[in-house]
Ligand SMILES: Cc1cc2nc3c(=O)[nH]c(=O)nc-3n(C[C@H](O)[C@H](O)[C@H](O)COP(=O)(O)O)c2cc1C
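Here we start with a single chain on its own, the form predicted on its own, put down as structure tokens.
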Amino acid sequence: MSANRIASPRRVSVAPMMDWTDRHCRSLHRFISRHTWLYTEMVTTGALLHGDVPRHLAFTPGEAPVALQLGGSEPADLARSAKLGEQWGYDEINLNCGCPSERVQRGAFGACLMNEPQLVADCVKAMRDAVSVPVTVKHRIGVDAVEDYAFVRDFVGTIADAGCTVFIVHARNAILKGLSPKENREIPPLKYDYAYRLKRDFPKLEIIINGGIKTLDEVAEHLEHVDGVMLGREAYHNPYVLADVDARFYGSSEAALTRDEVEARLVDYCASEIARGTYLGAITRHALGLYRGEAGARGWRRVLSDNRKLAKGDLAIFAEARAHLRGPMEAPAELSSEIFE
């Protein structure tokens, strides 16, 4: 990062991931890193305006800073939902303009909004008028066969004119016709240079890059060109990758917790959640990768995935899982094929 660029609090963040980045996942990530910027799963405006608001928005203060990602395309509904997010204590409101799923397309939001930049600008303006916290946009670099950099450049320029200053760029196209959401995360080629060009063309904007980034060395390389890096699946499957983030990218002098210390905090967290009626497996599923790459990690995952044991809500399951960590080191190939089956 250039010496004259102000460091962003979003230097490293964990992506909003449906069915994954719930409050239990975020709590685990926060045990590992104090400064990594965290995002909720996408919450639709309909779910907030016509559903159970506490179920969607409640989180513990220890998770902060946390950003709320909204899905929607009606400026008034987004403004009301953003206001709710601010009232519940979120540090940022993010608009999803990148999700390619059919469910989202039927709602006329997500990645298909990139084809309507003026509507997105209206949505951003309505939210900015309603809240004092930052309003940001997460988007792709193109839609379907549109490969021209000018498309994403003009999209960002239009939204920036509405006052948005932070853009999270998933550096792939969204293929709305013919690819599943999973395939959309893997098949369209990554074009990191498009995000770099956006930073050069809009030097006053905060540009965060996302897509296929797995190591902190890669994070450091990207930070030479943009303001922040968003990790996705790697942070979920291998959460301890976040352990060196605070020292390396935020200048923290505090030693990171060891995996054992993270586990101890997780056990305490589970105890408090079980007392509130939370199903133990709703928490442990996020910790299956905590010991990824360590000796015996396969046994750890197997025990913490046993639904019969989890149903009992007995925290002794952690001691049973930990007993496997004395096993022989596993080959990385076996880990990658085994995890989360």
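Counting begins at 1, following the sequence as shown. Since this is a predicted model, take the numbers as computed values, not measurements.
Just so you know, the form predicted in complex with this ligand exists too; it's not on screen, but the next bit is about it.
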For this session: Name the stretch, out of 112 to 120, 225 to 233, 144 to 152, 82 to 90, where some heavy atom lies within 4.5 Å of this ligand in the model of the complex.
Result: 225 to 233
Problem set entry | Heavy atom of I317 within 4.5 Å of this ligand in the model of the complex | no
For this session: Consider Q69 of the chain shown here, and say whether it contacts this ligand in the model of the complex, taking contact as heavy atoms within 4.5 Å.
Result: yes
Exercise. Hey, in the model of the complex, does A15 get a heavy atom within 4.5 angstroms of this ligand?
Worked result: yes
Problem set entry | Any non-hydrogen atom of I213 within 4.5 angstroms of this ligand in the model of the complex | yes
Problem set entry | Among the candidates L304, M42, I32, A297, the residue which, in the model of the complex, approaches this ligand to within 4.5 Å (heavy atoms) | M42
Exercise. Considering this ligand in the model of the complex, which of K191, R185, R259, R128 comes within 4.5 Å of it through any heavy atom?
Worked result: R185
For this session: Just give me the residues of 125 to 143, first to last, that have a heavy atom within 4.5 Å of this ligand in the model of the complex.
Result: K138
